[in-house]
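This document opens with one chain alone, in structure tokens, the form predicted on its own.
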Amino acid sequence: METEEKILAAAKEIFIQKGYAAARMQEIADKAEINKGLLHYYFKNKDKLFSAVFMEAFHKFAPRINKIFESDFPLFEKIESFVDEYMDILLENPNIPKFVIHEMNQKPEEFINTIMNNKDRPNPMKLIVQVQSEVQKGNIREINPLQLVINMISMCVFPFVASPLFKSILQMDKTTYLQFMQLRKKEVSSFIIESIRVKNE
């Protein structure tokens, strides 16, 4: 494994274990089995290192999500697949939502440009058109497809953004909470589908 790959693998593990704020560059260097000077040669500071970890994850998960958006799955199956895949990505990279919020607060234009100018940027347009079509056919209740997409993303992401609060309220340790998030996948997709399903009178 190349040095940069070793650093990114070590950083991802430390960030997941400790969270961004508590992670230390020395810990990451030790995990990668290199000295701190070499770590700083590759990544000047923790922000740049976490940004690299984020972009590596982004290039892995964005194509997975777009594959679902572009698929010919029936709408309800597509919703289930999206929620399942998106939650898996967040379970693999639980610090990403907090990093995105941090970047949006600190340098929103730069961050948005980085995502939108990327060839792998998320593209839900086929899903949006599909929702519009299902509404017109009377297969689902009338809903703004943009609201549906935001609901899908928000319900997946928010428990990771607010995880310290929820873990405290629910009195769960980190491992138990992540197991709880695994179960949440089914709850989220079922809730969304039932909210748009046409009810029989």
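Between two forms, the rigid core is the largest collection of C-alphas that superpose within 1.5 Å. Keep in mind the model is a prediction, meaning the values are calculated, not measured. Start at 1 and count along the sequence shown; that's the residue number.
Below, we turn to the form predicted in complex with the DNA, even though it does not appear here.
Quick check on R184: any heavy atom within 4.5 Å of the DNA in the predicted complex? R184: no contact with the DNA in the predicted complex.
Any chance R64 has a heavy atom within 4.5 Å of the DNA in the predicted complex? No.
For V188, is any heavy atom within 4.5 Å of the DNA in the predicted complex, or not? No, V188 is distant from the partner.
Partner contact for K18 in the predicted complex: the DNA, 4.5 angstroms, heavy atom: Taking the distances in the predicted complex, the answer for K18 is no, it never comes within 4.5 Å of the DNA.
Can you check 172-180, 137-145, 41-49, 153-161 and let me know which stretch has heavy atoms within 4.5 Å of the DNA in the predicted complex? Result of the contact check: 41-49.
Proximity to the DNA in the predicted complex, single hit among K31, K167, K36, H59 (heavy atom within 4.5 Å): Of the candidates K31, K167, K36, H59, K36 is the one lying within 4.5 Å of the DNA in the predicted complex.
Partner contacts in the predicted complex for 10-36 (non-hydrogen atom within 4.5 angstroms of the DNA): Counting only heavy atoms within 4.5 Å of the DNA in the predicted complex, the contacting residues of 10-36 are A23, R24, M25, Q26, I34, N35, K36.
G138: CA shift of at least 2 Å between this form and the one not shown after core fit? It does not reach a 2 Å shift.
Quick check on E33: with the core superposed, does its CA move 2 angstroms or more between this form and the one not shown? Shift of 2 Å or more: yes.
Having a change of 3 Å or more in the C-alpha distance between K167 and L49, I'd like to know whether it is closer or farther in the predicted complex than in the form here. Result: farther.
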